Structures are given as structure tokens and as C-alpha cells.
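For this one, two forms of the same chain are given in C-alpha cells, first as structure 1 and then as structure 2.
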Structure 1
Amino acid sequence: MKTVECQGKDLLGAYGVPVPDRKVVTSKSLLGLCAEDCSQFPLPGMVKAQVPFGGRGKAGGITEADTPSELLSRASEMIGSDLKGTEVRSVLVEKRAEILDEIYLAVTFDAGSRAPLLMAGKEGGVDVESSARLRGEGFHTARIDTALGVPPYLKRLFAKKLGIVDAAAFGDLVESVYTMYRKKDALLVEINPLAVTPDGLMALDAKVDLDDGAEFRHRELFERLREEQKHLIEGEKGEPQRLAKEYGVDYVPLDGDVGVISDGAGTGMLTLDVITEGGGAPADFCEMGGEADARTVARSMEVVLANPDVSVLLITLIGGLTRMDHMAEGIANYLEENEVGPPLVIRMCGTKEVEGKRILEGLGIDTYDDHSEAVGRAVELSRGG
């Protein structure tokens, strides 16, 4: 789960990382209300759009305000505006820091060494966007032995390499970040920039990605963050996304018109590739996973077909864990209770395929055995063929 800046700062702050005084406002009316007592806002301050993606600074999502009136006008302007295609729903107002130096600091995991990875660079700020690109001079990484944590010498060494004078404060901060990373099952904790200010180190941005797999250990936190995000970033969602969320279906909307459902991630990607390279345009990526049952198929169909752009629905199934009899039942159940406009193309093979095909044949539905043929037919139908 990717958090928004203000959520990341709350998390970091709770673990002792210095973060600026700040206040979040989620609507113009609330902004006006708060502004009546302008002492509620830390001024002079930064006004920052809370959006779930990077690069907002260059897109105009960050501005400054010295006075309450400036704040009111800048923040009002920002709320509701469009930033890279997304409506800004909330802004963070935070105390402006005097920046002497900007550093990049992150903890993530390294698939190669199966260990947490501490990363830091002398160059922080807006030009350092993706951790994957950080590979140059002045950038430092260290694998962390989880049985040991971050050894004191490593904190001192990083401080020296980064030119940080107060090595003790930096060490404490690294300890806080690492502790949060571990305790909260984060996949990434990124502070960029970590500012050196006359008052010490301060996290001016915060990007935290929590491991969805570990939600069972952090139920309350996940619920709270999700609840907050409803107000912070979510506009009116499309019906398919809303349904997908409700049903827990893995659904990624795309721009085309070929609705896609698959029972594997790899074959889902393959299907997108073959559609695209065959001249079609997928409307979504929807993968049911190996543990899908009849209900999963029915719900996935409901999700994908809620997108009005879908001109043909392509279901590609190749059962390993999934059982074709269950899949067929799910399709049958959905069709029994719903009128389906777009034509259906179904590819079915694998575990219990004989039973599955029999069920669909009973409904008069033919299935394809070959993946390319099925995809080809779907693309053809999407072009009105």
C-alpha cells in the first residue's frame, strides 16, 4: 500500500524522525474554516498537493505561502485543480525549512541479497525520482543483516560520506527509519529530500510503501490509512474500480476496448501483449490468481463488464490451481443472472477442462483451445469483425 506524503510523515514522525509542523486540509470549506484562526497553519509555509504519484513539484503541485491570505488563495486554487490528469483532493501546509543541504535516504529490500538495503545519496531533491536510477557517484548502498540491524559504524560511515556533521543525529534518524521499515513491514521508506537545516535534519518528503502481504499484522493501520485516503486522494472512482475494490479483484484499468480476464499473471500479461501486437487494445488487466473459484469468475466478469468501453470480453483460462469446472460454473452463474452485451470469447484448457467445457456447452458456448486463436478472434470482434 502506497501512502501519501502526509501519511508517510505521520508514520515517520511516530518513530522519531524530525518532520516539519504541518496541517492537512481536504476541502475548500474546511480550509476557510481553519483559516479563520490562521495560527493553525505553520507560516511561512509550503503548500503541497497530496497526490499518489511523484514529480508533482515540476507539474506545479508545490507552492509557497508567506501570509494567511496567500495561503488561502494558493491552497484554494490547488484543491480541485488537475495535476497530471488527477484531481487534487487535499493539500499539506507545512512550515518552510531553511535548507542548507539536501540528501536522499531510503530503506528498501534487495532481491539479490534477500536483505534490507540502506540507500543514501548526496544529491537529494526533485531530480532524484526513481530509486532504480540511483546508481552514480555520491550514492551509497549497504545491505543490512536483519539479525544485527544497522551497525553504529555504518551510520557514522554514511554520515561521513554524505558530509553530515551531526553524525549522532543522523544515526538516530537512520535507526528510526530502519525500525519503522521493519516494524511496519514496509517495502520502501524513502525520504527525499532529507534536509540539513539550521535546526538539524528534517524529512521534507516521505514515500512509504507498505507490504500488502503483511496486512494481517497491521489491520488497524491499513484500515486507518485506507479511510484517510478516501478523503485525501480518491475522487469519484469508476464503477469497475469501485467494484474491484469491494470484491478484492486484481483489476488494472487500461485505455482500450478488449475486456480481459485471465487466471494467471503471466498469461494475463501475455494476453495484453498479443492483443496489442495484434492491433487490438486491451481495456484492462484482470487476473484472478490461482485460488479463484466460481464466485471469483463471476465477480471478475461483473467488474470488467462495468466498463462501458468494453466491446468484447476475452477470458483466457489455463488451469493449474484453478479448476475449469469451477470456472465454467462461475461463467454460467453470471450469465444466468445478467444480460451481457459484448460478445464473449473464452479460451479454456487444463485441470478439469472436460467437465468445464461440458458445462459451457450446455449453455451453448464454444471454447477455444489455442490462446492465439482466442486472442485473434477477440481482436477481430473488437474491430467489428
Structure 2
Amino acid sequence: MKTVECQGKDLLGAYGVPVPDRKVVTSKSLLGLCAEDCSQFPLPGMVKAQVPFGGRGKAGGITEADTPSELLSRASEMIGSDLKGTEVRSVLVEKRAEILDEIYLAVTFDAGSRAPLLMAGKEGGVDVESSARLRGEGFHTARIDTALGVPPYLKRLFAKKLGIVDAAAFGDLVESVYTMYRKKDALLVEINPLAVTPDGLMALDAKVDLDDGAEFRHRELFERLREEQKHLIEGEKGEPQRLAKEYGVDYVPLDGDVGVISDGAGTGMLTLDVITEGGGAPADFCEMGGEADARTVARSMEVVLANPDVSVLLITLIGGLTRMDHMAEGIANYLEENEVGPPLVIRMCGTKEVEGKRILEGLGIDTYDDHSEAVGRAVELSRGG
């Protein structure tokens, strides 16, 4: 489960991580009720769209407000607006912090070592990914032994490398983040930026992903978060996880922009690896199963293309138990009922492939026989090729 910022901050705050004073507004009607009494809103403040994807700052989803009238005007304008293809249904209004420095901090799961990974960088903020690549000396990682936790020397070492004067406060914050990561069975707890302010460290943004496989240990928490998200984000037609659950499609969101659909788990995993090796970034893992039909592929396309970050859709079909004419019919049905979106790259081979290719050719869609060639073309398109 992917949380939105306000939910992530609530979770972090419960474990002692400093977060700004804040208030969530979920509708213009509630905003109107507050128009006569702005004392309940923190000012000067930040007005931040609550949406289930990154990059909202550059897309206009974060703005400032110094006065009650500015706050009400800007929050009212933001609620109901379109942000990267998603309707903004809620905003977070929080106290603006005086930022002396910004840091990136996260604990995630390292699949290679099958252990938690502590990550931190000197430069937090919207461009942290590019800055970490360009100036790798400022980005630091360390695997965490789950039997020992985060040792004190490692907290002090990271504080020194990041230039944090109050190493004790930083160590306490890291301990709180890691404790929440373990106790809530998280896959990612990210603070970006972690701000250095005159009053100490403060989490100005939060991204928390929880392991769906551990839901049985946290049923009340998952139910509460899902209920909250009905009001916070789920009004838009295309929220991928909601659609995937509704349709029974196996879908795992990732952080890239190359949408992926496969007719088998093995093909899907291979495709993710080849995309990454080719310099691309997969947006998801979506696997239809070996007995998928036309409706399944159409629904899978709806799920994957509901992600506004997808710049190209790669469909890899090997045609063992699935019939390629059925797959082509599903693709055609989706395209007939929906507006043309990102470009399609389709690799098709196997049972009834001649018939399937004929259907797609009638729509002006070329197919690929070679898996690597198809992936390479998708990566090229994702880069604007």
C-alpha cells in the first residue's frame, strides 16, 4: 500500500519524528466552513496537493500562502484541479518551515541482500535523484542487520557525512524511522526533504509504502488508511491500485515511466530486468496470467495507463496458454473505447500469432518478434525517441 503525504506524516509523527503543524482539507465545502475562522490553519503556510505520485511540485501542486485570504484562495483553486491527469481531491495545509539545509533520508528493502538499507544524501528536495547520480560522493548507504538494528556508530557516521551538527538528534530520528519501518512492515520510509531548521530537524515530506503481504498483521491500520484514501485520492477514475484490486489484476507499482504488461510472471520479470539494463525505468509489474483473455488484457491496459507517469506501454506476449488473437482483440477493444494515450510497443509470438498480428496491423500497430528489440524501442520512446 502506498500512502499519501499526510498519511505518511501521521505515521512518522506517531513514532516521534518531528513534522510541521498541519491540517487536511478534503472538499471546497469544508474549506468554506473554515473561511470565517482561519485561526485553525497554520500560517504562513504551504498548500500541498495530496496525490499518489511524485513530481507534484514541478507540476504546480505545491504553493505558498502568507495570509488567510491567500490560503483560502489557493487551496480552493487547487481542490478539484487536474494535476498530471489526476483530480486533486484534498490538500494539506501546513506551517511553513525556515529551512537552513535539506537532506534526503530513507530506509528501504534491499532485494540483493534481503536486508533493510539506510540511505541518506546531502541534497534533498525535488531533484534528489538526479543530484545523487551526478554527485555520488554526497549519497551514502548502509545495510542494516535486523538482529542489531542501527548501531550508534553508524548514526554518528552518517551525521558527520551529512554535515549535521546535532548528531544525537539525528540519531534519534533515524532510530524512529527504522523502528516504524520494522513495526509497520514497510517497504519504504522516505523523508525528502528532511529539513534542518532553527528549531531542529523536521520531516517536510513523507513517502511510506507498506507491504501488502503483511496486511494480516495490521488489518486495522490498512482498513483505516484505505478508508482515508477514499476521501483523499480515490475519486479519480484511474487510480491504478484501486482498479487492479477491483479487476483482480496482479499489479505492483514501481517508480519509472515504462508501463509493462506481460502474460506470465517469468516474462514480466525478464522484461523489468532488460528495461533496467537498457537504461530505462519500469513503471510497474503487471502480469495477466497464462490463461488471460481479451477482457483481461483490456482491463490490464486500463490499470497500467491509469498511472499518469507512464510515457510508453510495453506489452510482452509469449503465447503459451494465451492466444494471440484474443490478446489482440483485447488491445483493439481498449483502443476503441478509450482515447489514444502513450505509444504502444507490442512483442507478440506463440499461439495464433499470425491472426493476432493481422488484427493489430488493421489498427496500424506494428509488432515485434524479438523481445530485446521491443524493450529497446520502448526505452527509446520513454526518452523521447
Partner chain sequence: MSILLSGETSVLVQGITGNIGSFQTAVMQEYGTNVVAGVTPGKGGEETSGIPVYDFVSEAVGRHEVDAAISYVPSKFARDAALEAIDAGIKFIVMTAEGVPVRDMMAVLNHAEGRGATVLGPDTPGLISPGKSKLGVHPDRMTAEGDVGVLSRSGALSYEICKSLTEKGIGQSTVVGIGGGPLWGMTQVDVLKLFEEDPETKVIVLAGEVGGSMEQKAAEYIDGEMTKPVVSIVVGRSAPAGKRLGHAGAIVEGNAGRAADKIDVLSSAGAKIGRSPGEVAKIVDQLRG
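Here, rigid core means the biggest group of C-alpha atoms that superpose within 1.5 Å across both forms. When a residue number appears, read it as a position in the sequence of structure 1, where counting begins at 1. Nothing here was measured: the structure is a model prediction, and the numbers come from that model.
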query	finding
Selected structure - the one that is the form predicted together with its partner chain	1
Core-aligned CA displacement of Asp21 at least 2 Å between structure 1 and structure 2	no
Core superposition between structure 1 and structure 2, C-alpha change of Glu355 at least 2 Å	yes
Met324 C-alpha shift between structure 1 and structure 2 of 2 Å or more, rigid core reference	yes
Inter-form CA displacement between structure 1 and structure 2 at Ala265 - rigid core frame, Å	3.3
Rigid-core-superposed Cα shift at Glu246 between structure 1 and structure 2, Å	4.9
